[in-house]
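Next up: just one chain, as structure tokens, the form predicted on its own.
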Amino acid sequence: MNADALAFATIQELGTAIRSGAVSPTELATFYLERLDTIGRSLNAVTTLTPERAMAAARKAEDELTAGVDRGPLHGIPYGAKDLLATVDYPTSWGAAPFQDQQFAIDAAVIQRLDEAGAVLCAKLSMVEIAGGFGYQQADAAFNGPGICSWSRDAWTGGSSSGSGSAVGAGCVPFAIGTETWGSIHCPSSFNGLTGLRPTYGTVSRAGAMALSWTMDKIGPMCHTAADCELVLAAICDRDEWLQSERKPGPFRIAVLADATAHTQAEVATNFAASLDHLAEFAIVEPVALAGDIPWNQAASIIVAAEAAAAFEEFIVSGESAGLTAPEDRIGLHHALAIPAVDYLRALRIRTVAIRELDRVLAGYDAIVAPTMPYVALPLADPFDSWTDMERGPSLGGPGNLCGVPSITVMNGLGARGLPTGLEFMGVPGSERMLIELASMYQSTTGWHRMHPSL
């Protein structure tokens, strides 16, 4: 493979190359470490390179494969991890200046699982400070600078898994691990033209991960293809039932979120309509609406704010939060310490109603689809509140994260300023295999996932 082909190769392609002898795990680790140190750093995607650990893991993978020990499809494959996943041998900064030298005594469970699979950790990747929980309103919200989109130096990469998005998007690693409480996998995946998978709540262990919202945090893969997401999820998941799940016989049935493009950019709407045409080639596609009397987003907001304030109460009360980068983050969550318990409990009760409603709407469907984001990657200099008008329409982000259901986003075209747009497939709990199958079928008929930025 030439350098460009190697940079954007899928996990499956790299695995084939390793086993054929075309490239070795140590050569791969060296190649991606170099890209991370140059391209990755120029995008503010890298918090800490892990060359010592990477080369040791790559040499071990080579020795094992030579000896006939094959740990599976991730054996010898480099990756990056969002820097809220603990690593025993490198700092875990949570993207925040007050924690940039923080060290833990054990690896996060996800890191341990990937070690067992033979994957090669090459970097701790940048993120929005405290995973965005303190209410940032502009791109410069991390101690190592604003995350820059792999497709445009003038655009934001998305948050809070910012470095994971731009590092994979720029071909600095074949895959990365991100986390999502409300959009933090899907937003940077959409902005960088990636495939991002948010698993069902509880499917992947959060042990050793920074807690923002105990009942909404999820961990998942960010890759080039849906098939690659499946390989990574199989390695990191705690639940095996999704691997055994089988779809019911009959044609695919896909629901379309009604009025999902009412407030989006024109190109997002155009690309979504084209996506529905592609989906109609192999599925029955029908419009559906979510109950308008359920405050999906408001309930999710109360839960995240209350749980984040509880998780970081000492940090806020002590005044240490004044050391955060974004000015609005320095005072963020102070108000959440005063959220009445009755409001939090009411939000939890609304969640129960919301779950029943989502089950009702999705009954008989394999997935529901909508644009992942209402716009392409935002200009780096723009305050986020200047784009709020486009966030007024129906979306799957609040309902999906409130209810803890799985979702996958794929690139579905180019929009304003030549930047990627995304298509989201969301399903019932435990439907990851179905969502991956649908996303893979879409990718096989369109080819958008094979487009990459010119760096």
Partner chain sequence: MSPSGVERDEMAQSNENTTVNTTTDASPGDVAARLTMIEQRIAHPLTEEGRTLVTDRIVRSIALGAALHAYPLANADEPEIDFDPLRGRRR
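Nothing here was measured: the structure is a model prediction, and the numbers come from that model. Residue numbers count along the first chain shown, from 1.
Not pictured, yet referred to below: the form predicted in complex with its partner chain.
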{"property": "Partner-proximal stretch of 291 to 299, 73 to 81, 89 to 97, 102 to 110 relative to its partner chain in the predicted complex, 4.5 angstroms, heavy atom", "result": "291 to 299"}
{"property": "Heavy atom of residue 375 within 4.5 Å of its partner chain in the predicted complex", "result": "yes"}
{"property": "Its partner chain contact in the predicted complex: residue 251, any heavy atom under 4.5 Å", "result": "no"}
{"property": "Heavy atom of residue 27 within 4.5 Å of its partner chain in the predicted complex", "result": "no"}
{"property": "4.5 angstroms heavy atom contact with its partner chain in the predicted complex for residue 388", "result": "yes"}
{"property": "Non-hydrogen atom within 4.5 Å of its partner chain in the predicted complex for each of 15, 202 and 220", "result": "no"}
{"property": "Heavy atom within 4.5 Å of its partner chain in the predicted complex - residue from 153, 360, 346, 278", "result": "346"}
{"property": "In the predicted complex, the residue from 235, 283, 380, 355 that sits within 4.5 Å of its partner chain by heavy atoms", "result": "355"}
{"property": "Residues of stretch 315 to 338 in contact with its partner chain in the predicted complex (4.5 Å, non-hydrogen atom)", "result": "316, 317, 318, 319, 328, 331, 332, 334, 335, 337, 338"}
